[in-house]
Structure formats: C-alpha cells, structure tokens
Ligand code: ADP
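Take a look at this single chain in structure tokens; it is the form predicted on its own.
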C-alpha cells in the first residue's frame, strides 16, 4: 500500500471540523455513520424538489397530485367533529391546509409558524385547498429565503437530526461549507482514461452536482458517475478474489477414482439428468486441472443440486482429501447428513455432523476426529468456521444456500485448508446482474433441467374470506392420502404486528381438523424436537405440518402436495418460490395456495400475480429484484449489496458489465495495483474493503 499523502484527504478529516457543524450536530450525524467529511459528502439527498414542477397554491387542481411550497401561517388542533391538526401554509397565491387525523401531538411539535415547508399529495377542498396526511419536508426553520436553484435537495431526516436543527436547508448549507473548505482535498478515485471513456464527471464536480444541481440533468450526471464508481470498486474486489484464488499454482490436483463413483451412482434410486451430468463434468475438469476450483452451481428448487454436491464431495474423498459442506440451518445440515449416511451405508466412508446444538462432549469428540483425519466428509453449519475447528487434509469446501452466507464466512471456511477447491450452491435463481455483482469471482454452472416425473404445481392466490373453502379442500386431499404444509411468518402472536402466528394456528387447526394429526415446526425448537417432527411428517404420522419458514429449504416429503402460505404478502417472491418448491416432489398433482388480507398494496398484488403466472425461478428472481430492489433481494448479507446507494441491478445491466470488464482489465495489467498511476485506486480499495484485505490474499 502506498504511503498516505501528507495533506489529509476528506476521508481522514473528522466531520466536526466543517464550519457550522459543531459537536452536537456531529454527534447526531454519527448515528448515520457520518464520521468524516467524505461521509458527509456521501450523505446524499433522498429526493429533489424541482421548482419547475411546483404548483402555486392557486393553480392546484381538485383530486390531482401536486407539490406546493409555502410559509406556515398557523397550526390548529380542531376538536369539533373528528379531532385533527390543521397546518395552513401561504405562498402569495393562496392558502392550503395540511390535515392530520393521526399522531396529532407528534405533528404539532414538528410544525411552527414561520417555517418554509413543502407539501405533496392529492388535493381536496373544504373551505380551502387541502391535503390529508401529505408528504412533507421542512425547508427552513425561519423566514430565510430559499436557495435560488431550480432543484431543491431533500435529505434523509429523523428526529435525531431535527433536534439539533438539521433540516434539509441546514444540511445543504453545511455541505456547501464542506466543499468550500475541503474541496481541494477531494482525491479523484477513478482513472482518467475511464472518466474520459464514459464522459463521467470528476469526483469533486459530481459532489457539487449531486448537492447543488441547477438542472435535473446535472443530478443524473452525478448519479451516473457514482454508479460507475460504486460498481467498479465492487468488481475490483471480485476480481482480486478471483485472481488470488486462480493464481495458486499448483492447486490440489485430484486423482479421482471413477470406479467408486460409478458404484455410488448405481445405488441412486433415480437417473441423473443431462444438466446434472453436464455440471458434474465441469466440476470434474476443475478438480483435475491443477488449478483451484471456485464454482457456483445455480439451479431451481428441486433441480437436484444436492446430489451434485454429494458426488463432488466423494470425488474429494476418492482423491484422499476431506470435504466439508456448510449449510445455513441445522435442520438442513441434519437432512444432508442423514441422506449421506443412508446413501453411503454400504461403503467405507466416514461422515460426521457438526452443529452448534450438539452436546459439548460430543462436539469436542467430533472436532478431535476431524483434526485427526478420522472423518472423511463433514456436514455442518456456522459451527464449521469456529476457530478451534481444524482439518487434517481439507481439499473441498461446499457452501449450500450461498446467499445465506457472506463473503467473509465463505473465506473463513476456505482458510481451514490449503487452497481447497470451492463449490458454492444456491437454490435461489439469481438474475445475471446480481450474479455478476455478487459472484464475479466464481465460474458458474446452471442446472436448468428438472428431474423427470416432477408435476407442475398449481398456484392460486386467495384472500382470507376464502379460508373455509380452502380448509374443505385440504380435508378432501388429506382423506385421499395427501399431506399439507401450512406456513406462517411468525412463531408467536405479536401485539405490534397483526399477523397470524404458527403457535396460535397450530391450536386452531387441531380444532378445525379434529380427525387429523397436526404438527408444529419452528426455529426455536431444539434439534431433537425438529428431527422428531420432520421424521413423523415424512413417515405420514403427521397429516398437516404448521410451520414457519424453517421448511423453506431442503426438507423433502414427496407425499406433501399442499402448501398453504398465510400472509403471503409478507414474503418476497424468491422466498415464496422456495416454499412452493417443498411440494410437487412426488407423482401426485400439487397445489400452492397463497392467502392474503383483502386489501394489500399494488406491489404485493404484483408478487401474487407473478407466482400464479410462472414457476420459472429465473423469471421470478428478476421480478423479485425489480419489485423489492437490490437492498432486500436475498437479504443484505452479501458484502456490497446492502451498501449499493446508486446502482439499480435491474436497469444498470450494461453499466455493470462495463465496470466488470474495466476492473478485470485493470487487474490483468496490475494485479496488486502497485503502479504509481493506480496509487489512489489502491488506497481507495483498501479503505472500502479493509476487512477483506486478508481475505483477498487467501480467497
């Protein structure tokens, strides 16, 4: 890493040194992770008011959406009729009232006479023009004039900031001071050729444009620059991981015993699909190439990824190495373990299960066996990456349901061996843009074929008023010999969230279906309790299993043909698709019923319609990403995904591809970023990914 410049950069200057900030305001900002001048400049507006689209109050239209700006001339709590707060604003052309029926005392404290405010909402009329519960922004706390810019930035706000006088107007003034004081200390973080290639704004100009735009076009130019920078550095990280993993020479070159593998495959109760065989050929080539494998296997629910992983682990075993598989939940790890034990019963392969809930003495003994090389295949959860776990000869790492783990967790398991091969699996189909962003360091294989005989699942969206009819249908199917899942988003009832809960539903269904045996499964149960319930369900001793999303992945009961999901609007599309994948695993027709309240928002309605229309996991993943945004898709555990402020993983496909090509090309020329012209990039890279530097050397 190059020596730091003598003059401090904005990333090193504490935010309290900005004129107008002060210690109290600095403390309030720290709650938003604003510690330095750079953090302050990165505290970007959440939206903008374009003064060219702001209506004079006299020109608003009844029942139309509008945004108006005016001065608060009165606030009044009206007690006649329904109690309400009325805030009147005036803009020289007329008076408009903002009306609040809820949280009146809270809003009364927010508004005061003399403020300049913006109201946005649907226009009504009662004596004066009105907006009921409008969106609003406090633009100033006094009669100070607004900035003359056509575009008014509105910053993220909270009670914490407002208490110290930090509304959008005050924040803008402080940001302006920061640029005037420290503008000369803003380093450019992108190479000049790339700025020129894409006609991107320099970094200082982009900060000015995003905080003080004169036109909407300037905002877009600034956002485009920061989009590119954001994804460029994330792709650099992926490129470093990829380079570090590939450069190991020689890698572990497996001498795989094909005769043993054929004997195991002959014992399988099914034929492998063409897609499974193709992926296994990819893996076989990797393992015998002398270079470390770093491969992602994607496949829709039920496509047969698990047997691919098992056969890969056996390739490692035949070559004389240990293999470890890390699963996200204990119940899934248990199932993998039991399936392995059953499959390998005739063979001399030693399999162990290592999970957190094992008794301490048993866990300690398994750890000893792993370290001594007395175990060949290990199935576990996060327990596998504890510091005291040592492997004798770890040659293969398998990460199941990769989206449940972060980059660091993957790296921690890899570090247990000396350059082991890595196989990553996910049953959640990933849109191409997301795969490029999150898994840019991996080669990708796709299992795009379902095993023969899988029935198409009939999916229907119903509202709660249909529940009696749905219950009658479930009763008919169970009397015909089928089994059913009923899934809820919570375990216990909550006063704050009006959702049905699994425990309460369990009691309810015991009454609704007195002739059938009802079981309950949730994450708070002990591993023995979960195991007992799942085995009873598999054996058909339980007819209806009431569960939380603990059954989302891995559990396989071919006789279960019904999946009823209560409060389906609370689940993302990919999660609904995962749950639906628990049924349709036998030869009987299967049904997934999504139940929601009568009134759900438009986005939730779109999700339900997509589930009815398609069972294509990749299309569902694209829709999920489009509807929920990158911050929520697959959770936010992947490094970088939750930090994306600018990039839209649906719309910015070309940008992501360009940034990936540019980052990888730069690393091809200068893998360690040692060239003098890359010093600032190197410095920026390690500032962003300081916690990944050690990982970058081992991954």
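Numbering follows the first chain given and starts at 1. All of these numbers come straight from a predicted model, not from anything done at the bench.
Keep in mind the form predicted in complex with the named molecule is missing from the figure; the text below concerns it.
> Just give me the single entry in 583, 573, 325, 301 that has a non-hydrogen atom within 4.5 angstroms of the named molecule in the predicted complex.
Of the candidates 583, 573, 325, 301, 301 is the one lying within 4.5 Å of the named molecule in the predicted complex.
> So which of 71, 556, 448, 76 gets a non-hydrogen atom within 4.5 Å of the named molecule in the predicted complex?
Checked against the cut-off, the match is 556.
> With a cut-off of 4.5 Å between heavy atoms, is residue 467 one of the residues that contacts the named molecule in the predicted complex?
No, residue 467 is distant from the partner.
> Would residue 172 show up as a contact with the named molecule in the predicted complex if we use heavy atoms at 4.5 Å?
Contact check for residue 172: no, nothing within 4.5 Å of the named molecule in the predicted complex.
> Is residue 307 close enough to the named molecule in the predicted complex to count, meaning some heavy atom within 4.5 Å?
Heavy-atom contact with the named molecule at 4.5 Å: present for residue 307.
> For residue 270, is any heavy atom within 4.5 Å of the named molecule in the predicted complex, or not?
Yes, residue 270 is a contact residue.
> Tell me the stretch among 113 to 121, 270 to 278, 81 to 89, 210 to 218 that has any heavy atom within 4.5 angstroms of the named molecule in the predicted complex.
Only one stretch qualifies here: 270 to 278.
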